[in-house]
Ligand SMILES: Cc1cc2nc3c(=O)[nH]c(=O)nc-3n(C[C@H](O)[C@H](O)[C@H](O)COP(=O)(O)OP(=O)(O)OC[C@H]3O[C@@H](n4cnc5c(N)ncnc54)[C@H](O)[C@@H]3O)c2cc1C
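Just the one chain here, the form predicted on its own, laid out as structure tokens.
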Amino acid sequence: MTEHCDILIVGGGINGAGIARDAAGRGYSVVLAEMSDLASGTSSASTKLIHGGLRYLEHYEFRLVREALIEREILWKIAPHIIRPLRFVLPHHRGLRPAWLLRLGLFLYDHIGGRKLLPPTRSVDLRQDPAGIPLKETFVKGFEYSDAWVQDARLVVLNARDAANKGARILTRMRVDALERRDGFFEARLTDTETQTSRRVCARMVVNAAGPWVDTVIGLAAGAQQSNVRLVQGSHIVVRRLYEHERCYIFQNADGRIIFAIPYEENFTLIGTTDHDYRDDPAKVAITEAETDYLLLAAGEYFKTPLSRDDLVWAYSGVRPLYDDGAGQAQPIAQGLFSHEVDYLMDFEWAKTADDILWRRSKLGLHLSVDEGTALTAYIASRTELTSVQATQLQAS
């Protein structure tokens, strides 16, 4: 038996659930298929923030930040039971971003998004303010601004629940195994991952909201392997609560990244995130030893109390799909080694293995961890495979 609908949505993360809610609310018949649980992937592995992306101002992404800030207050009004305002303290670190640049960025952050309800930015004397108590004494000045916290997985489920209330069919543990264009419609074969039974859905339109698996879904329709996105891993750690007050911290690091430290579930502090390319199965993503060390070290640069692995309570990782236009790359594969440098060594200096790069083209092997060496090996293998596929496609054409 075949089920007919206007729109088949593949993926039950925040994008899929939000689109299902919107489409069902406009009167379309909707089927959403999620191969696991709702929000089981990227959507439950976030930093749990509704924010405009303060750091994007440095890249002149003013429109992006403005739109995100406007949506921040809209979401807060819609779902105040799972979204609440937060205050973030940004300690000034002499030698990194100058104070005047931070003031300018926060002024823009306050005003370009039409902030109406959240309190504005203010300067903080960390020698007098309670926010300075858990920090090292070298931090005497800071800035405080507003953003918002969200129960990310609940936001997904509530969107799906509202979509279902409007008539959408929400199918969890239902994997899309085949997708074919036929007679002006899309025919999809869905498999129940628990019973292994199959059903068919015929849709006028398919929305690919599969997150890190987006290329897999495109490949089903195209009949060939696809490579349209770059996967970026982000990891977080949870430690015992590090301070008494309810404000959060945003820390600048010498490598240009930022991390957050956020009160979490009353008795804990959430610290994250990392940011590096990922080339394995998204279902297997897990925090690495190098990421754990990085987050502990980065937070330890600011907090008085030293952090160690003994403080860890939990950790989680997620994979974000970014459109791969070939222009940008994520953070280094390893300390001091960027992917475009590895690409150059492979393309123009005949490097084929991690040892070629770590011990002959350089002596970085003395400085890298085992996990970083493994990450480099995985990158070389994936790039070699991609190059081989591209060469085969070129010959075939």
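Residue indices: 1-based, along the sequence shown. Everything numeric in this text was worked out from a predicted model, so none of it was measured.
If you look for the form predicted in complex with this ligand, you will not find it shown, but the lines that follow are about it.
Q | this ligand in the predicted complex: contacting segment from 302-310, 172-180, 240-248, 194-202, heavy atom within 4.5 Å | A | Single hit among the candidates: 172-180.
Q | Position in contact with this ligand when the complex is considered in the predicted complex, options R320, H93, H276, R72, heavy atoms within 4.5 Å | A | Going through each option in turn, the one that passes is R320.
Q. Out of L49, L364, M346, L64, which one falls within 4.5 Å of this ligand in the predicted complex, going by heavy atoms?
A. Of L49, L364, M346, L64, the residue with a heavy atom within 4.5 Å of this ligand in the predicted complex is L49.
Q) At the 4.5 Å heavy atom threshold, is L368 in contact with this ligand in the predicted complex? A) It does not: once this ligand is placed as it appears in the predicted complex, L368 has no heavy atom within 4.5 Å of it.
Q. Taking heavy atoms and a 4.5 Å cut-off, does I287 contact this ligand in the predicted complex?
A. Outside the cut-off, so no.
Q: Although this ligand is absent from this view, report whether Y145 comes within 4.5 Å of it in the predicted complex, heavy atoms only.
A: Y145: no, not in contact with this ligand in the predicted complex.
Q.
Can you tell me if A168 lies within 4.5 angstroms of this ligand in the predicted complex, counting non-hydrogen atoms only?
A. Result no; A168 lies far from this ligand in the predicted complex.
(Q) Could you pull out the residues of 1-31 that have any heavy atom within 4.5 Å of this ligand in the predicted complex? (A) Contacting residues: V10, G11, G12, G13, I14, N15, G16.
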